[in-house]
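Below you'll find only one chain, the form predicted on its own, shown as structure tokens.
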């Protein structure tokens, strides 16, 4: 893939007490190769660190990963904190195994609705979405032509 500059910045990390990091590394590499400035926070990242990094890097999006099933708890209030910090329009994505696998399989429409309507995320992704799909969606959301 040819690297280009898109003049967009994203913050990526694993939220809460989750130590799963592989998905974040894959996204980091994919987005950097597509020309994004990526601030990669690693694992076990509190909400405030995402917000501080977004402010410092003038980020266009925050992508939180959660793979231990506690996503709704770890993501609660993130949108409100972003607004309080002046990040009213920042795009918020959540992905991974954000809830227990059985709940993802049986109740995905409700999980997605909860993250979008109640928690204020723009998009929420199942753990089956690959990095190229995430990149295409991010590009579309930021108005970047492929």
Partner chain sequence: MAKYTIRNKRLTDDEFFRIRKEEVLSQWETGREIENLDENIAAAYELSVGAGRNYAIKDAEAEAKGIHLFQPQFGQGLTEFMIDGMSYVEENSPLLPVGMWNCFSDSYTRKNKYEQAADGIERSRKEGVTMLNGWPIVNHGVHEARKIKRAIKSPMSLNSTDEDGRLASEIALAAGWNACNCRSVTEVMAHCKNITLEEEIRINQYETRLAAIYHERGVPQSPHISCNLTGYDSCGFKSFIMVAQSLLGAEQGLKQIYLEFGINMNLVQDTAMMRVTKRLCEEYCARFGYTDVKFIQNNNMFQGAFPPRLEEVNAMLSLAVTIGILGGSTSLVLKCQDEAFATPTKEGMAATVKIAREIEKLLGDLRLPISAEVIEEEKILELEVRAMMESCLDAGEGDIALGLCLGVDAGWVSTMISPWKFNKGNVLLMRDAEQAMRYFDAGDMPLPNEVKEYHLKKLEGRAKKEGRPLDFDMVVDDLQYASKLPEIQK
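Residue numbers count along the first chain shown, from 1. Fair warning: this is a prediction, and the values are worked out from it, not measured in the lab.
The same protein also has a form predicted in complex with its partner chain, omitted here; what follows describes it.
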Residue (of 81, 37, 29, 113) lying close to its partner chain in the predicted bound form, criterion heavy atoms within 4.5 Å: 29
Contact of residue 92 with its partner chain in the predicted bound form (heavy atom, 4.5 Å): no
Residue 97, heavy atom within 4.5 angstroms of its partner chain in the predicted bound form: yes
Contact flag, residue 101 vs its partner chain in the predicted bound form, heavy atom cut 4.5 Å: yes
4.5 angstroms heavy atom contact with its partner chain in the predicted bound form for residue 136: no
Complete contact of 21, 76 and 128 with its partner chain in the predicted bound form (any heavy atom, 4.5 Å): yes
Those residues of 30 to 66 which, in the predicted bound form, come within 4.5 Å of its partner chain by heavy atom: 33, 41, 43, 44, 45, 49
Cα-Cα shift for residue 103 and residue 95, closer or farther in the predicted bound form, minimum 3 Å: farther
Pair residue 28/residue 104, Cα separation in the predicted bound form versus the displayed form, closer or farther by 3 angstroms or more: farther
